[in-house]
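Quick setup: the structure tokens below cover two forms of a single protein chain, split into structure 1 and structure 2.
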Structure 1
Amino acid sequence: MLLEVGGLVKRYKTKDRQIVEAVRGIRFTLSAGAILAFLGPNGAGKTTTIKMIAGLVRPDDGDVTVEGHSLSGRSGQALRHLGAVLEGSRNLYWRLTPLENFEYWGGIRGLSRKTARDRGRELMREFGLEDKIGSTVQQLSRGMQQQVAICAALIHSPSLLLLDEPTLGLDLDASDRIQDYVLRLAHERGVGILLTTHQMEVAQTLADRISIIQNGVLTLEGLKEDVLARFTGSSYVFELAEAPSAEARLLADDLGAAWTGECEFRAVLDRPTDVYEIMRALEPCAVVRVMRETADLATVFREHTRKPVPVENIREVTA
């Protein structure tokens, strides 16, 4: 197995001496060539988990192995197989060019100058950025910088790539390029990829497997198809004749409406007859169309995280 994450626990001590239980007993595996999307609300523990896998945060309990090498203790072997682009960091020297960055980051991962340059050129070509290889990173657009950061993380040809919010704040074009590349990287080259994102379309396009983490606990895990199938048949689209009043809108919200426009929303219903309840809540505003549809990941995520984290689950892990 490429990545094995076993029972990770992380409690942070904050400045005011409180304890934050950021991660409470997470276990999962990732095989070569698979893409796992790690989803969860802000503060759920995604970044903490990724940093524990990269050895940057030390877990209170549990272990991580990459290609069979443990990260606790002597982590060098595990780190050789791992590349990471971290959230909110530059991950690159802005005063250097992409090529100089590749030489440096390759060098401190044991690559010769020539190997690092050749590999860096090849990666930049795959992103269509070969003409940018000589400009300093600070001169590049935000999207290009992120693509170069991904190239740098791949310079030593790792078999595991960690991407913490890789498309955050990027325009559609840059985001699409990165998504295309990530798909090819996993499915053609067999690199295992663990990524976090708040953009459900991105996760839906990329992931083979989906994990949802809430309050430091994995509350949902499975193949993308299975996860999407969970709410298929109970997901509905409603279209209204006009924009409803604010009170009516709030009432519909209570029944699980997720608005996609002024006059349109989706909802997941336990029973088909709940349609009447929603219509009543919206009165006198007329519902002109109701359609059953297959759920998208955003709907699944919203619906799943609407319920509070099952308490017994937390107990089980912290006990």
Structure 2
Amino acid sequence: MLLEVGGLVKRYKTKDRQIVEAVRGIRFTLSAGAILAFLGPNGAGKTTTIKMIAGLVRPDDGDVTVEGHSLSGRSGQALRHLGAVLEGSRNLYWRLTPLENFEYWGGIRGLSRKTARDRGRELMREFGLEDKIGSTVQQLSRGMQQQVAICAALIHSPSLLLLDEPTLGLDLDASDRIQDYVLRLAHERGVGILLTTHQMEVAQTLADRISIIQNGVLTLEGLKEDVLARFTGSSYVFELAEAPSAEARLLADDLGAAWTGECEFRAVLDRPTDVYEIMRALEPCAVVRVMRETADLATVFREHTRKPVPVENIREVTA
């Protein structure tokens, strides 16, 4: 198995000296060539988990194994197989050119200067950026900088790539190029990819498997198609003749309404007959349209994370 995350726990001490568990026994695996979207609301423990996998934060319990090498044991061998592009981290030196960055990061990974330069040129060609290799990073567009950061993370040909918000803030063309490249890395070269993003459309396009973390606990996991199928057929769109009263809106909220406008909302229902319960809650406001829809990942995420989750709900995910 490429990546094994075994029972990771991370505790922090608050200002009033209380102990808070940010991550509570996370377990999952990732195989070569698979893309796992690791999703969760802000504060769920997602970034802390990723940083433990990347070796940037030491867990209080549990371990991470990459290509059979333990981070708690021989971390150097484990990290040799890992590349990472983390949002908010210094992935590149902006006053250096891409080629100089490749020499620096490749040297840290044990590559010779020539190997790092040759590999860097090859990666830049794959993104169509060979003419930018002599420009400083700060002269490049945001999309180009992100593509160069991915090249730097791949300079040592890792088998595992961590991508934290790889398309955040990018225009459509740059986002499409990165998504296409990520799919090729996984499906053509067998690189295992752990992806975190708040852009559900990106996760739905790229991922083979989905995991959702809440309150430091994995609460939903599975093949993307299976996860979407769980919600398909139970998701409905309601369109109203006029905006409901505040009281009626609150009643609809209690029944699972997620409003997309003054007169429109979505709801995932346990039973088709629950449609009538919502309609009664909205009276005297008229419902002019009810449509069952195929759930997308945004709907699944919104509905799944809407309610608090028991701490005991720890699930294992395999990709």
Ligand SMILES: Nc1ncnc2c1ncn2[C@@H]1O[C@H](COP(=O)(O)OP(=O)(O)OP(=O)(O)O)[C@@H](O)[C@H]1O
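Structure 1 provides the reference sequence; residues are numbered from 1 along it. Just so you know, these numbers come straight off a predicted model, no measurement behind them. Here, rigid core means the biggest group of C-alpha atoms that superpose within 1.5 Å across both forms.
Here the chain coming from the form predicted together with the ligand is structure 1, while structure 2 comes from the other form. Taking the rigid core as fixed, one finds a CA shift for Glu239 of 2 Å or more between structures 1 and 2. Relative to the superposed rigid core, the position of the CA of Ala252 differs between structures 1 and 2 by 2 Å or more. Ala32 is not among the residues whose C-alpha shifts by 2 Å or more between structures 1 and 2 once the rigid core is aligned; its shift stays under 2 Å. Taking the core as the reference frame, the CA atom of Met291 shifts 2.7 angstrom between structures 1 and 2.
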